[in-house]
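Look below for two forms of one protein chain, each set out as structure tokens: first structure 1, then structure 2.
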Structure 1
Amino acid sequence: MPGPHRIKNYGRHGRGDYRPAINSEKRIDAAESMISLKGLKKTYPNGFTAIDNLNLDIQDGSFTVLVGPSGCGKTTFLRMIAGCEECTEGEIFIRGRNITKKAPGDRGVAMVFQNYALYPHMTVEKNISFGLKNYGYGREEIRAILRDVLELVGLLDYAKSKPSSLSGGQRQRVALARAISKSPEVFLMDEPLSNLDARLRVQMRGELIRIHQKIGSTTIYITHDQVEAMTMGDCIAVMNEGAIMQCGSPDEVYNNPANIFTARFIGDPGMNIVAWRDGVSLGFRSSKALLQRPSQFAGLTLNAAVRTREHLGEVYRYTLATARGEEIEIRNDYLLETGRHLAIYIRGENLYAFGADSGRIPTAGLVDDAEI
């Protein structure tokens, strides 16, 4: 039998009385990790390893965004938590329960897909209530849940509509309402906004943040769009080739990248990286590149030529080639002609340094007043 309905009191501080039947094993303190992944590995029969020794703790009530390039293992990661993919090695815990071998329906998770996965012949309310009936909810309880979740996603007036008559954003809200209605402990979202146009994506980002704040759910959200990750997540896990490269707040991964991959991937544009000496590389954000030498300057001077120019409205985006042929990008409101040669100045306090293994190293003493 299902646990008590909890849509209206689903805040992160108000879930202590909720005990669904599937959560009968020993629990851990709420201050500990909601989800703990230990040594996860996924190797397919053809020998390809999609996830390799992945360890990650996700806190209760957090909105964790897993971001990385296509093919880095994000979807495999999510499907392993959902139970749609078996683990080759490792264990998955939700609130201290080892759910590694549990069936998908017994894990207390709900998944929101990229393609909505709605039944086209069913109305909005039937799309939501269909799963609730299978869970054993009664008619009056389903009616109350429908009212709550449709009000939450702003679709009360569309209960009798079919998916074909809804916009892409409305269909995505139906998929969200269906997931919320099951009162899961964890929401898993696999690039749910990727099929929407740019303007609607921005609108739906705001809606997802609002809903998350309203219900206080633990959410894992997958995207390849680092701008989406920076604007939505309170925790970002940067992934590449089946491994977590860095995990932290948006501010941490942007301002304190642990390695070259994170530095280049996070930010719009990503960090510029140029070779220095003895295997060391230097990095800087495009916004820190100056076109005029400051007084009492101490830092790095780059000689470069303008390759391309794009007008973005308030600013121009330029790609430049350094004297050694490395490509960098800067943005400013100066009008520069393509082909022009110029010097770029980066103050020492705005430089990042990375060692031969691509890991972050201290910049102190590396650059005083140097030129490339």
Structure 2
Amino acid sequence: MPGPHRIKNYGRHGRGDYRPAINSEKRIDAAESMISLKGLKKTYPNGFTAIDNLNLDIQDGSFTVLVGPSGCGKTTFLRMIAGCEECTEGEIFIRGRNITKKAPGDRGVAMVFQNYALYPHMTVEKNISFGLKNYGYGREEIRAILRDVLELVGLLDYAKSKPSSLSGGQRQRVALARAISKSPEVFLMDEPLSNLDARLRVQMRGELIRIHQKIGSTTIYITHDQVEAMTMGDCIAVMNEGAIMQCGSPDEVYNNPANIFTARFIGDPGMNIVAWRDGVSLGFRSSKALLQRPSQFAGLTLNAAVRTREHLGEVYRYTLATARGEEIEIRNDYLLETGRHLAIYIRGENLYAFGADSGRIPTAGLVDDAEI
């Protein structure tokens, strides 16, 4: 893809030594993968293991969103790739080069930090050129890159401003421009939009995607917000307690969740899960719950009582409690009174089954006529 600007790979003039062609390090099989993580583990000095045996391959040019609840180890994971955190175990490959022991500046990666991490004493321009100078770019080249990246993020008029005089959204753009300026092989973004207000966040989402499509660098984007993940990622990695639960397209993680965690975490609302028998649980999306028994019905009949009702405008959002006290959520435009007992019906093809280890198991023939 032709880039919009004249940015070259950094390290061309500088001390970066990660160009694969001149690298003597052993190349590994995953040649088509941009980033390959093998058995990563991070144990902090206080003994806490934040990441354990993490394996992941990320495709060249993809926009991979790593999503998971707060504290699950997303930042730790990203900082390990960036080189800001040592790996206790495991190896990191970028284009087949082992960079596990390389300094942060020599990895060909750039990062957008959660709190922007701009240099407060430097102007916007200096914030961007600081790294370029370190990489040995000439003055003319830096000027051209500055113009390109500031234009890309729409901040040409702010080149001489200090970060303290900019709004949150503008600071985030500067951080973005700083990362782009180095035209890295890999972009890392740690919840870059979490400090922005809701409207700006939606706008910046679109802009990030636009920029990604324009420059085409492999991006790993972190968020705890599954909506952001679903709308932005072309590949989603779901993380929980330091492990990748599932990795796939938004479609796949939504329609084909590999385990209960992913099923519950992805989607708004997440999947309803009810225990069935022999340790097997059944799951279904709230949009698939029917209030009337269809003719020729094969599937799950679920008896429950309406607990709460919320008006969402077009539909009502109900929480229901099953006889065992499990809570499920459905959305429907029927008006139901709270306290009412009713049966809901889910067709077999809309059911998901999970085994005792919470992993997905086939439903075929399992639930032709189940009742809870």
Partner chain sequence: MSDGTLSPKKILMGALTAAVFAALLAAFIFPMFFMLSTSFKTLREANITPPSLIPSEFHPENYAAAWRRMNFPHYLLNSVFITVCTIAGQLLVCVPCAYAFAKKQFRFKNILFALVLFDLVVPAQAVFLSYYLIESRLGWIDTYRGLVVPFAYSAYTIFFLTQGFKTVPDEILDAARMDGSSEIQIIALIMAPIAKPVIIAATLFTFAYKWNDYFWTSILTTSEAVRTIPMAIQNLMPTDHTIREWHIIMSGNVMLFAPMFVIYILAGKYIKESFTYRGGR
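Just so it is clear, the model here is predicted, and its values are computed rather than measured. Throughout, residue numbering runs from 1 along the sequence of structure 1. Here the rigid core means the biggest group of C-alpha atoms that line up within 1.5 Å when the two forms are laid on top of each other.
K.L.:
Just one question: which structure is the form predicted in complex with the partner chain?
P.N.:
The form predicted in complex with the partner chain is shown as structure 2.
K.L.:
At a 2 Å cut-off on C-alpha positions, does P120 qualify as shifted between the two structures after fitting the rigid core?
P.N.:
Shift of 2 Å or more: yes.
K.L.:
Core-aligned, is the CA shift for K162 between the two structures 2 angstroms or more?
P.N.:
The answer is yes, as the C-alpha of K162 shifts between the two structures by 2 Å or more after core alignment.
K.L.:
After the core is overlaid between the two structures, has the C-alpha of T338 moved by 2 angstroms or more?
P.N.:
Indeed, T338 is displaced by 2 Å or more.
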